[in-house]
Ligand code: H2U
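Below you'll find only one chain, the form predicted on its own, shown as structure tokens.
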């Protein structure tokens, strides 16, 4: 186990970017006052919610009386499938290209009040299966080369509707973050004949200081290079490159990991914990991707309590990300929490 007591940089091998860690500034950031916010008392059904069953959405479309997951094309999509005029610039410093795509919304369940950690494992498995089916469907569009599954949870993360849901975007080009990871994973595989994340995961299990928990098929951990205070990753043990390569057993294992991780997030400050999360899977570019290991990133903004969050400002916007709490301390804190949701624990 390594101790880091002085300022240092950590390098993210997936992107090549660095984070400045300053552990001397806040070695135990969860000590002291911890403000709590009143619990949300959402109804099971909200007649004004445009994601609840039987309610009307934009354009007069009525949602079906769905009983499980529900998928629809985003009514206010950031991308359009129709070809757009070719973008031609008269100067190389004003370059742009057209971008086609499709954006879909996936409601986790008909319940307006149940977030991911409050669903049972079977329901989470259904969500994963829906993500997989939608990934495959979008990948078959002739203009789609990448499919991004993601969830913004909580108003703090810009979520416009509290009904638990995620999004899936299929894009014509590989987005910036997956493109960085693709380049770095390819280079590592070419040099070593092994995948970057499988080697990383092996080393993390040897050291154990950032591992939260694992099952037969997935591990949840705080990455060595984490930027956000309680940032985590979920990494597949097998080199499955995409969601559609998972076996039935692996889907069940992934559901278990997601429920345990999001439950601990909620238990951290006893609130419905905000975050942005998403899966990074291999592109759909008609190329083999033996270098890619399926993984998910969780980026939560909260730092010390339900009301104190981390902002990227000043040095971080102009120079590089910086953190006070070390990833090891964050992992210790998350490991100490219960797998039973705080709403159901005896007080």
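Positions refer to the first chain, counted from 1. Bear in mind that the values here come from a model prediction, so they are computed numbers and not experimental data.
The next section is about a form of this same protein that is not shown, the form predicted together with ligand H2U.
For residue 72, is any heavy atom within 4.5 Å of ligand H2U in the predicted bound form, or not? It does: once ligand H2U is placed as it appears in the predicted bound form, residue 72 has a heavy atom within 4.5 Å of it.
Indicate whether residue 160 is a 4.5 Å heavy atom neighbour of ligand H2U in the predicted bound form. Result yes; residue 160 sits at the interface with ligand H2U in the predicted bound form.
Proximity of residue 212 to ligand H2U in the predicted bound form, heavy atoms at 4.5 Å: Answer no; every heavy atom of residue 212 is more than 4.5 Å from ligand H2U in the predicted bound form.
Within 4.5 Å, heavy atoms only: does residue 76 come near ligand H2U in the predicted bound form? Taking the distances in the predicted bound form, the answer for residue 76 is yes, it comes within 4.5 Å of ligand H2U.
Among 182, 240, 105, 119, which has any heavy atom within 4.5 Å of ligand H2U in the predicted bound form? Residue within 4.5 Å of the partner: 105.
Between 152, 132, 267, 195, only one gets a heavy atom within 4.5 angstroms of ligand H2U in the predicted bound form; which residue is that? If I apply the 4.5 Å criterion carefully, the residue I get is 152.
Among 284-292, 55-63, 297-305, 316-324, which stretch has residues with heavy atoms no more than 4.5 Å from ligand H2U in the predicted bound form? Answer to the contact question: 55-63.
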